[in-house]
Each structure stands twice: as C-alpha cells, then as structure tokens.
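A single chain comes next, written as structure tokens; it is the form predicted alone.
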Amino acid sequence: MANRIITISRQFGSGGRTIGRNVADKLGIKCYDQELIIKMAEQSGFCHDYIKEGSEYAVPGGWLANAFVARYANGMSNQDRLWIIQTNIIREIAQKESCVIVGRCADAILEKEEYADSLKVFIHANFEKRAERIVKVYGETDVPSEKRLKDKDKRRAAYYQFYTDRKWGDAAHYDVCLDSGTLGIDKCVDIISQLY
C-alpha cells in the first residue's frame, strides 16, 4: 500500500506552513518544508538562499518571463535543474514514508497514484487576515504588506503554472480548500487530521 501524504499549498500569509507542521505533529509523521531546501542544496550545490527563492517562486515578470530566463546549452535553466531535483526528492520521500509536504508543487508532482495516496490541501484567507499575519510572523518591512502579499502569490502562481501547466489555487486541483482566516489555524489542523 502507498504511503499517505498530505500536500499543503498555500497563499502567502495564510498560515499553511504552521498548519502543515501542526498536522504532522498531531499525526506523528514528518513535515517537509525547509527540509526540502536543505536536501536540494545538498544535491544541487546551490546555496540555501538561492534555492529558497528559486525553487518555489517564478522570476519576476510572470510565467512568460520564465520561458526566457538564462538557459544553458542544453536548454535548461538553474530553475529547471532545481525543479528536476525537487521532483525527485519529493517522489523519493513519498515512496519512503507518510508525511506532510508544504508547497513546492508537491500536489502536482504526486498526482500519479504510484507515488502516494495523497490528500491535496489548499490553504487561503482573505487579504486583511493574511496582511495581519505576515506582520505578526515576519515583522514590518519597508515594503507594504499589500505589495508583499501580491508579489509572493503572483510569483508562486507563475511558478506553479510554468512547471505544472495548472492554475495555482484552482479548487479543482485539490481535495479540500480551507479558509484559515475564517476557520482558524487549529480548526484547519483538526479538519486535515480527521480527513487523513
């Protein structure tokens, strides 16, 4: 029988990372988030910060800009190399153990049944709740909360579309979509844990 995997895609500031960690703790399974970046750094030779920015976010300018990013003679960019490494790592983890995987297009990567029995979750919240949360969690910056939210989500959506050919956040691609602003973090954790 395949391992059971929970993939959590999320809007920036919705608390998806926290929800993923709390679900994993509650179920007694591992949560992979920053751990994926560490594994990717080990396998690629790129530094942690470069991978953090390049492995889940598109280059500024949207998905079309990704098509024209600097490429090697073989047609691959650094981001393409990271995508292949990321895909292989996520598939290896899914074959090895039941777990929670936050972000990194894991829902699309594990779509084929041979990789895992997966519960695909999308976490979202209204703009005001997310803006309040990013200030609370990450602090104030020179960049207004509104711009931070829009920029991160735009880059995530472009990256997701470029590598999966799907619309990020489209409910048709997930088993469940939860509004953490309305339900709260703890209720989202309970719902996901029960569904698992």
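For every residue, the number given is its place in the sequence shown, counted from 1. Note that the structure is predicted; figures quoted are calculated from it, not measured.
Same protein, other form: the form predicted in complex with another copy of the chain, not shown, and the subject of what follows.
_Three-residue site Val23, Cys31 and Gly103 fully in contact with another copy of the chain in the model of the complex at 4.5 Å by heavy atom_ = So, no: the whole triplet misses another copy of the chain.
*Distance check, Phe12 to another copy of the chain in the model of the complex, heavy atom within 4.5 Å*: Heavy-atom contact with another copy of the chain at 4.5 Å: absent for Phe12.
*Looking at the partner-bound form in the model of the complex, is Ile185 within 4.5 Å of another copy of the chain by any heavy atom?*
Taking the distances in the model of the complex, the answer for Ile185 is no, it never comes within 4.5 Å of another copy of the chain.
*Give a yes or no for Asp170: in the model of the complex, does one of its heavy atoms lie within 4.5 Å of a heavy atom belonging to another copy of the chain?*
Close contact exists here: in the model of the complex, Asp170 approaches another copy of the chain to within 4.5 Å, heavy atoms only.
*Does the 4.5 Å heavy atom contact test between Arg91 and another copy of the chain in the model of the complex come out positive?*
Arg91 lies outside the contact set for another copy of the chain.
*Mind listing which residues of 126-144 have a heavy atom within 4.5 Å of another copy of the chain in the model of the complex?*
Nothing in the stretch sits within 4.5 Å of the partner.
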